[in-house]
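Next up is one chain by itself, shown in structure tokens, the form predicted alone.
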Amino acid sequence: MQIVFLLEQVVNGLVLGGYYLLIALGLSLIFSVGGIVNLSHGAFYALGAYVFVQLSGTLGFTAAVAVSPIVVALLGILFERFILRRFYNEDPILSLLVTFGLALVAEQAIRMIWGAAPLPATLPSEIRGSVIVGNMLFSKYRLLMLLVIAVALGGIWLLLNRTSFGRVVRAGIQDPDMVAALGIRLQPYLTTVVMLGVGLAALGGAMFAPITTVHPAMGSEILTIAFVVVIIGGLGSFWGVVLAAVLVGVTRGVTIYFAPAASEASMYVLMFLVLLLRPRGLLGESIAKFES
């Protein structure tokens, strides 16, 4: 029975890792293409959760999950057009300060619109409860989330690796001057990447709203974990972020089994060990200053 429970925790850790992946992958994509560390990324996650709660009462659960990331992604277009675009060629410190300030403004705006008290979000009866697989018991909704996350990840990978859009984006990451010399404007691609990044964060907020607490500070809480995942995986590495999210999620899930009080600290220990052995992160590019 202990082994069965441990396996259940591993699966729960995969779900948790997928949750982190939705936020961290968007953060990494925006950094890779625009060179901007977006400290307001957690605010879009929180907005996804709040828009979901707002819409679920009228549109229903499924439609609200589908529509809320689209609404937030459209806000991401405005975010890129009027804020990020001004800082692509500026000192990175300026974009850090601006996005940090925007995160604070967004949190207070949420308090003004929806109030400071946590909001409830419920699941439809058909996806409540658990399913039995062999001797193991799994939540129906968590398995559904794992499926949605896998589909979203597969869709982003196909977009970046099997389309002309993805080829331009990858070329822009490696050599933007060459892309410009070929007469290709990177600006529309940057806007689309930001839209996708904040949309992924909003999807994470919408899907986890029914099983977590929806409150104004939830964005700042998840942002720290997203940065841990990106640092472990390596800045700018797609598969590095995927691997890191899985490792962080499973590590926390397994740690809950052995030492529940240390589950949150476990991801910071993991980050310390990875950076001690590989300062670049698991799949990040080599840092000449630190590595030979």
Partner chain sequence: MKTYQTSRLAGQKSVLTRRTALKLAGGTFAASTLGAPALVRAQTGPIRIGHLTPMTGFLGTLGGWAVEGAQLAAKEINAAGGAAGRQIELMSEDSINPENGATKAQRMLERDGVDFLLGEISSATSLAISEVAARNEKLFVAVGPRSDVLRGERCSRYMFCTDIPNTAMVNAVGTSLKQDGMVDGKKFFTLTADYVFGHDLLAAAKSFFDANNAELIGDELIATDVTDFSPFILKVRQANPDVVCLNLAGNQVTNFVKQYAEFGLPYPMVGFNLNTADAWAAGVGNLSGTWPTVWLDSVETPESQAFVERFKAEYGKIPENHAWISYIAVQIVAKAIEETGSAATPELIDYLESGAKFDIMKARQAYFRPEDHQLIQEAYAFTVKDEGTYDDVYSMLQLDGAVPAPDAPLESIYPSVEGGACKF
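No experiment lies behind these values; they were computed from the predicted model shown. Residue numbers count along the first chain shown, from 1.
The same protein has a further form, the form predicted together with its partner chain, not shown here; the description that follows concerns it.
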Which of these stretches, 98-106, 196-204, 163-171, 115-123, has heavy atoms within 4.5 Å of its partner chain in the model of the complex?
115-123
4.5 angstroms heavy atom contact with its partner chain in the model of the complex for I36:
no
Contact flag, H41 vs its partner chain in the model of the complex, heavy atom cut 4.5 Å:
no
I'd like to know whether L16 contacts its partner chain in the model of the complex, with contact meaning heavy atoms within 4.5 angstroms.
yes
Considering non-hydrogen atoms and a 4.5 Å limit, does its partner chain approach Y141 in the model of the complex?
yes
Note: exactly one of L78, L147, L159, I211 sits with a heavy atom within 4.5 Å of its partner chain in the model of the complex, namely I211
